[in-house]
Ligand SMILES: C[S@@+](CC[C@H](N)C(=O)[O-])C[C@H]1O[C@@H](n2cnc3c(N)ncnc32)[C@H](O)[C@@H]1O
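Starting off, we have a lone chain in the form predicted alone, written out as structure tokens.
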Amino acid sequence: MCAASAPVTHVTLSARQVRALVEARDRAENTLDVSLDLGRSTTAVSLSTEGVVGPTGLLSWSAIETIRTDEIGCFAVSGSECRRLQSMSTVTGRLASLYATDGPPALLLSGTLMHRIKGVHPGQDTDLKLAPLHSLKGSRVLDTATGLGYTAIEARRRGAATVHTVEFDPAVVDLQRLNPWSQDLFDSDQIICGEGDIADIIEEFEEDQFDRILHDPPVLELAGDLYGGAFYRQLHRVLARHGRLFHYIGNLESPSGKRVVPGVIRRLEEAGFVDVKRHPEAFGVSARA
């Protein structure tokens, strides 16, 4: 289990949710079912001239109007106070923030999205990444880059016996605790979280320790060592015989994808992986040990 998250004393909103509140106010409605956790669930609230009354108390219209003007931000709201969900990394110096979508929020690092949002939302992106791993029931899974935890959470939902997941950036860990869609990380005994550099941590794992590996590193420019032959050999070492790997790379048909993918495939094969296949729909390649 990940370290416990702080008790939630605020609601979490983006422009997508507050638009419904403002429209209901303008129609002079007194009640509304709306999401107060970025679309994860719905709650009945009351509308008054002062604001919106929900489980955590009054949310002022001034705070709601502030959120409505920001199309991509996600905000924690308590009374008349709202703050954008973002954190400056003490390790990388990059600003990490939540980016609102029609599903779970995406992770934004210094202006670079870590999830797909065109044509799919991050939840659908997670499904595409896990599909090449086939059945996860009873499997031991390694998720090399936690991010907001979506793949680790979904792998557990699909029946994985255990999921080891590792996050490098403490700013991203901060956002996990603030993001309603990441909370299952903190509630499952079968999800084991680590913090640090997976390139170092992987050396602590035993040979053949995992049946499935989801390798979803940052872009090559930010994490070149996680695309290298030495790291691929470590992935092969800890993956059980006939185990499956999915390596997220990015759009295979983009200029950067066309440049990066041939080298990735060659190094995976040199590390001992077989049956390396392209998955353009999932923006990555799969392989077997």
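In case it trips you up, residue 1 is the first one in the sequence shown, and so on. Keep in mind it's a predicted model, so treat the numbers as computed, not measured.
Another form exists, predicted together with the named molecule; not displayed. Remarks below refer to it.
This chain appears without its partner; in the predicted complex, the one residue of Ile213, Ile198, Val163, Leu98 with a heavy atom within 4.5 Å of the named molecule is Ile198. This chain is drawn without the named molecule; in the predicted complex, the residue among Ile191, Leu178, Leu107, Ile202 with a heavy atom within 4.5 Å of it is Leu107. Among residues of the shown chain, Phe75 is not one whose heavy atoms approach the named molecule to within 4.5 Å in the predicted complex. Looking at His115, you'd find a heavy atom of it within 4.5 angstroms of the named molecule in the predicted complex. In the predicted complex, the named molecule lies within 4.5 Å of some heavy atom of Pro218. Within this chain, Leu133 is remote from the site of the named molecule in the predicted complex, having no heavy atom within 4.5 Å. Considering the named molecule in the predicted complex, the lone stretch of 203-211, 137-145, 155-163, 77-85 in range is 137-145 [heavy atom distance within 4.5 Å].
Contacts between stretch 144-177 and the named molecule, counted in the predicted complex as any heavy atom lying within 4.5 Å, involve Thr144, Ala145, Thr146, Gly147, Leu148, Gly149, Tyr150, Thr151, Val166, Glu167, Phe168, Asp169, Val172, listed in sequence order.
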